[in-house]
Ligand code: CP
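Form predicted on its own, single chain, as structure tokens, below.
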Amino acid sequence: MITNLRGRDLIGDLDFSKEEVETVLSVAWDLKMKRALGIEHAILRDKVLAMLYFFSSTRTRASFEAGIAQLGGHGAFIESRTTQISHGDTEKEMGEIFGRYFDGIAIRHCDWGIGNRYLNLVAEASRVPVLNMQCDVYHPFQCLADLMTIMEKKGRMLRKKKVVVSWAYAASYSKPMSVPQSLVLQLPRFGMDVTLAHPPEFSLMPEIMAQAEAEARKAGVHFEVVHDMEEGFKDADVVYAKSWGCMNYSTDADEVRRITDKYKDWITDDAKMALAKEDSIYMHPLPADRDIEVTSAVMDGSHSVVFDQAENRLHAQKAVMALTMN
């Protein structure tokens, strides 16, 4: 077990080594057990976490607030529009001041080309850990919960298990690409063969793809990109299908809508799930556009683990807070 995480930031998925991620997961399972048995675990008594949101949230806010409370601390919810950020508080001010008031700073900022830079500038000025609750590039806590869930369902030995990370059509809005980017970076490190499936216009950031390919080579696993949803699903052990935007291709809203609407048939349904292995699991970080992005039959069906996945956000986040803020 790695014991040097106190005071560390978690902004990008590769900020923690594979061994450090394994430590996080070990602590997460221990805290999950204590929660199930009703064993008090006030590891962060009197600690306070600033939770600064530039982007709406359900699971992230709820799980961070519940998690810090269960660890004996307090979470201060701060909506960016209620602050003086628009009146001159820069990233330096937020890092310096919040770093003196709080014991940790968690930020959710998903604006394309802005969010990740904002988090890193706050971290440069902060004396306490900065935790990424999702930005435009990464969603590390979601990925930790996903990895935890895959191990619970498929065992700790994941070598040669196939996961398809697939784009899916959604009508609601152009969603961040941070979830698939975190997955293709993290999962190869744990021995999984990764197939990334998306229409040509929905590529991930080139620098993330280069890092993912490097991680796959290092781990000796297979990483490929296909542009056919059915091809991606074939023989998959894990199906992770969700929508993301085509920000690399265009940021014009009308153009994005026109492109997205070409691929309405990219929906996860029973026919596509039948292409995966019989014991495959279906994953989604939620919220999903029901019967547009994924059918209700799949989301509520026997393959779906979406609610176990959502629960594990709580345990993974508690583990990181306990290790970095203690």
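In case it trips you up, residue 1 is the first one in the sequence shown, and so on. Given the structure is predicted, the values throughout are model-derived calculations rather than measurements.
The next section is about a form of this same protein that is not shown, the form predicted in complex with phosphoric acid mono(formamide)ester.
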(message) Quick one: His139, Pro285 and Arg313 and phosphoric acid mono(formamide)ester in the model of the complex, is every residue within 4.5 Å by at least one heavy atom?
(response) yes
(message) Exactly one residue in Ser280, Thr260, Gln70, Thr60 has a non-hydrogen atom within 4.5 Å of phosphoric acid mono(formamide)ester in the model of the complex; which is it?
(response) Thr60
(request) Identify, from the list Lys161, His198, Arg108, Arg189, the residue with a heavy atom within 4.5 Å of phosphoric acid mono(formamide)ester in the model of the complex. (result) Arg108
(message) Looking at heavy atoms inside 4.5 Å, which stretch does phosphoric acid mono(formamide)ester contact in the model of the complex, given the options 264-272, 23-31, 50-58, 294-302?
(response) 50-58
